[in-house]
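Following this are structure 1 and structure 2, which are two forms of one protein chain, each written alone as structure tokens.
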Structure 1
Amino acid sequence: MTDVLVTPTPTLSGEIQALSSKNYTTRYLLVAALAEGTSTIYYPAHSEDSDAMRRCIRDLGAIVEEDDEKIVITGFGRNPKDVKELDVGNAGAVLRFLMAIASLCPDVTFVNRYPDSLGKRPHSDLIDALGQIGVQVTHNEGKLPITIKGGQPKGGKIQVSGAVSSQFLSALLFLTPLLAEDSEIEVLNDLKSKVVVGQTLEVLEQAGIVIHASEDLMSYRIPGGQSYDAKTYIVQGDYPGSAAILAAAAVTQSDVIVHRLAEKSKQGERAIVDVLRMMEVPLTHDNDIVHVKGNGRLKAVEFDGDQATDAVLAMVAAAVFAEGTSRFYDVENLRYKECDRITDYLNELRKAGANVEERQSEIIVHGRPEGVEGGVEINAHYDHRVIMALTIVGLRSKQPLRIRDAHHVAKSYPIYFDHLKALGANVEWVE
């Protein structure tokens, strides 16, 4: 069964544990693979994207053993196996990070398994940057399939654009410490999703890597010849996925508790808590526990979405039911994700009955506190965050919403519908 029927649900209540962070899991798996000893990662995420990183580091020669609470990894250090092909599924961050690491291999091809999703996403900025240190890349106009003919890049001066994705810079930050010579990275244009780079730097530091970063995160000096330490890591709860649960609680009459959401997290998406507060949703956040007591009433909000890129769709879904007009600005790079998260997402919201407008880098929502009509089929566009967000809207529609191909939610949150059901939502897998 691949579709989900979301039937209007006025109340939600109960407690769940946030799932584990996807972005920290992919990073810890990678730095463990780049170490020569044995590292342990406690409470790793289990999702298609984290599985993709696990599969690829294994293919590259890491030894991976796991049980219910941890993964133990013996890394390949700076000497990955001479693998010919890697399959990253639909995971953008995994692809971009491993494109850089693949330059330590003679000849690797990244296959194109999701031509209508990851297959449409642009990687030219990273391809250009790798070219500056002598890595040869063949590609399909900057897109998959991509072949990296690495050999032995030495490091040096690299300029990379940050205007489309922060993942290109993160990829270079994982690679350059392993190169023989020192490197200098200068970020050109803007740097989108800058907060996520903070997570990369945090993980690199935990792995014993030294990076000298300017305060604005636009330039870096990276000593060469470093090695990654084998360490023990603990994965924190995931804010982007939990943002959808919290937004669902905000649009219903609710008494919902989510555990494991660290107040001091470097995840930008923790801003979901502040944004819901600005929308006057009754909630508390203490001892890493968020408690929402929704009364269904929300006020419109204006927010710089680039601070919390993976939570914007959930915030917009909440704004659909707010009093007044909300504006989410600086969100152009949502267009380069699993789908065009502005045009494609707003088309689905409109089908459900929402009153939304798009600009090149903005989403505008004219709230409908009275609810929306629903009663339509939603195209998921291969996008887990579209699926999660439209589910929120379905909870407060007049007629059920059928979400086609909702199984793609497993990219980051395979148990999203189980969690919602545990809170009392009427969500069912259907034929």
Structure 2
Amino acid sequence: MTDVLVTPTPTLSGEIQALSSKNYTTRYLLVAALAEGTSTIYYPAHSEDSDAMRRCIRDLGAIVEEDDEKIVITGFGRNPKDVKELDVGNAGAVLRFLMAIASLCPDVTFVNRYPDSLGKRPHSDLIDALGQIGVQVTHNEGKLPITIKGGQPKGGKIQVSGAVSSQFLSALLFLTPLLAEDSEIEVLNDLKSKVVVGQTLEVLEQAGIVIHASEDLMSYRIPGGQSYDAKTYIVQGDYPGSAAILAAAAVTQSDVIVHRLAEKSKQGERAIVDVLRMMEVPLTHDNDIVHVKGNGRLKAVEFDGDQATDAVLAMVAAAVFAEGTSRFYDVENLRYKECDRITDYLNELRKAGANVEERQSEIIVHGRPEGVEGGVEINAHYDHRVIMALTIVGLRSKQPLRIRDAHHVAKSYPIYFDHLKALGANVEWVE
């Protein structure tokens, strides 16, 4: 069963729990392992990344116990077990965070299990930074396999490039508070994904760690000799996935409630709520609950999509049915995802009957409040975000839409269609 048939569905109603955020899950697992004592994490995400982090902190000496709603972790603090090998699978963020933590161990090799994927990605910026605090690293031109000879890293002045990834900086922010000396980190070049660095800083603060960050996030003072507190954490709901559910509620007659979406979240995609408000969709957002009472009427918007990249396709799907012309600008980086999320996505929207046009870094939508024809088979280009967004359009089409290879939705939201069905959407897997 790989295709999904979306049959027009005039009304949606019901309540769901938002999917859990994988970025927050991975970080909470790590700070719990770095604490002495026992921490509890409620609603952890299950994804390749978080499963890799669970496995590795266990190898490093954390005790990890799990049931349906939580993980209980007894940490190893600043004294991880002397392990010889760690296997992070294909999880880049986990590798980078743990390369820093492994510098507290005498001699650890990160193995190369995915030579064609993670094995091809460079980690030189972090290797250079670890060298500055006295850690010896042997590597294959900056790539796996990587051996860290640590034991006694010393704080001090560290420079790290932020041009390739913000994960190298995050890795150093997790490590340096545990060192005896104070540290200063200066970020060189540009810093990619500042939003995600904000998530790291937020989690560190919740774990009782003090970090003095400059306003532009390019320099940091970190007092040494700190320890992580054992705490209870609740993983936030995931805004990128929930954006599609909220947009579906916006374009139908609906009474839909999504739980666990934090109002003050550091996820850029929380802008989906603001954009739907700008479109005059009736909704409330209180106590981490978004309640949409859609009436199918929407007004066009203009929106800078740069901070909310992973919610833009869902916003565009809603704009297909709005009165007037909407414009989503500063979105060129959508072209460099699982597919070209501007050209490829708009081609499929046109097949379904939408009136859309593209510029290099803009998507323009001439709304059709009367709905679109549908009645076609469309190709989602193996892209989870495109699949979710095209489904929204199918709910308001005149004829059913068949979405090819819809099982790729599992990349980020394996139960997306189950959630929609629970709200009354007429979606079914077909051969």
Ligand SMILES: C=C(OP(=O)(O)O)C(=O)O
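Residue indices: 1-based, along structure 1. These figures come from a predicted structure and were not determined experimentally.
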**Asked** For this pair of chain forms, which number matches the form predicted together with this ligand?
**Response** 1
**Complete:** If the chain is split into two rigid parts moving between structures 1 and 2, the hinge from Arg270, Gly353, Leu130, Gln236 is Gln236
**Relative rotation of the two rigid parts between structures 1 and 2, taken as the smaller one's turn in degrees** = 28
